[in-house]
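Next up is one chain by itself, shown in structure tokens, the form predicted alone.
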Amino acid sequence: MESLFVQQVVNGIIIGSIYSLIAIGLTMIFGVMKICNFAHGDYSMVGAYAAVFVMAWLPGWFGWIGSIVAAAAAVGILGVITERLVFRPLLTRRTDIDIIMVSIGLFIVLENLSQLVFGATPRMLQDPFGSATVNLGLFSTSILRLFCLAFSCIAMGFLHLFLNRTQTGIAIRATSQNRNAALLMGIDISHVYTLTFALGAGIAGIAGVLYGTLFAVFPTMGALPTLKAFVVTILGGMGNLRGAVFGGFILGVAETLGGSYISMQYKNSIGFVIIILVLLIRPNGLFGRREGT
């Protein structure tokens, strides 16, 4: 017999894994470059639309896997372009308000441009499992949702290995911890900035494919993930990747339980209530602010 509580917890973990994936990219960029990018969720929207076009040409598994690769590549390139042309010239400013306003402007431009090019009609990504479901006793869910959870966790695992086991990843961590020391050690800070932004944007693109697969793809779909990513980042601790991972799962479970036991109308406000409570008790977030991983 299924349990409503267990069912909602599982649903929250699945959605939370995608929140974590989006928030990780935002946290990486903030930790290394100190940029609060309010257009970050729209990178996931671009990734979702990349998947729409790939899957129109390649149906089934080849299309779905190809869409992941295409989304990561396309959004990674977009991240390099926006970092170089939009954000890099503003890094020497004394205040953050310029970067914040420019990122909001980028968010508006991307959403309006996508609506102009693709139209406002929502699109659906094909389920490679054919809507198959699985019943595990206390809960049931689709194989696709379980696969999205597994893929998110694998992606986060590979990112952890990259940041901790490769020379480039260590350079990124060193830059986030102490930019001047990293510069004295011969690390190319400019290259690290570009790579970090591309990597963070590419991860958001992958999350956009998963998000669009579970829900729908439309031009304004990036607005809500942006808010969720900031909630997760603040909840876990600014610049703390581990906090972003666990914060995403916490937010996902809290939202699904709140929507089930309180009201779906207030689901999206639950995260902000949690932020207020956490910041009152732990101003630096659950896992503390940290420069790096």
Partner chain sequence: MSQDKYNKLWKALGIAVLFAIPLVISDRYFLHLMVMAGIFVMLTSSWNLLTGYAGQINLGHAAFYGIGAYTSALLVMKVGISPWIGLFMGGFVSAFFGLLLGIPSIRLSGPYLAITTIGFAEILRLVAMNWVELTRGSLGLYGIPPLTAIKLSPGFSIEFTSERNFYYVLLIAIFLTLFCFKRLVQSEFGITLKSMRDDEPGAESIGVDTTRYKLAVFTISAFFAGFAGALFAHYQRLVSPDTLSLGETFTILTMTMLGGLGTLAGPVVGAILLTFLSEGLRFVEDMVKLNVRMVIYGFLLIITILFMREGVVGLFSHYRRSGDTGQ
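Quantities reported herein were computed from a predicted structural model and do not represent experimental measurements. Positions refer to the first chain, counted from 1.
Keep in mind that the form predicted together with the partner chain is missing from the display, and what follows is about it.
**Q** Find the only residue in 161, 109, 216, 150 having a heavy atom within 4.5 Å of the partner chain in the predicted complex.
**A** Comparing distances to the partner chain in the predicted complex, the residue within 4.5 Å is 109.
**Q** Of the residues 124, 73, 143, 116, which one places a heavy atom within 4.5 Å of the partner chain in the predicted complex?
**A** Of 124, 73, 143, 116, the residue with a heavy atom within 4.5 Å of the partner chain in the predicted complex is 116.
**Q** In the predicted complex, does each residue in the set 38, 86 and 234 place a non-hydrogen atom within 4.5 angstroms of the partner chain?
**A** Spot residues vs the partner chain: full contact, yes.
**Q** So in the predicted complex, is the partner chain close enough to residue 61 to count as touching (4.5 Å, heavy atoms)?
**A** Judged by the heavy-atom cut-off of 4.5 Å, residue 61 is well away from the partner chain in the predicted complex.
**Q** Please determine whether residue 9 contacts the partner chain in the predicted complex, using a 4.5 Å cut-off between heavy atoms.
**A** Residue 9: no, not in contact with the partner chain in the predicted complex.
**Q** Could you confirm whether residue 157 comes within 4.5 Å of the partner chain in the predicted complex, counting heavy atoms only?
**A** Although the partner chain is absent here, residue 157 would stay clear of it in the predicted complex, with no heavy atoms inside 4.5 Å.
**Q** Would you check, heavy atoms only and a 4.5 Å threshold, whether residue 134 touches the partner chain in the predicted complex?
**A** No.
**Q** Which of 98-106, 73-81, 196-204, 134-142 has heavy atoms within 4.5 Å of the partner chain in the predicted complex?
**A** After filtering at 4.5 Å, what remains is 98-106.
**Q** Considering only 163-180, what residues come within 4.5 Å of the partner chain in the predicted complex, judged by heavy atoms?
**A** None of them.
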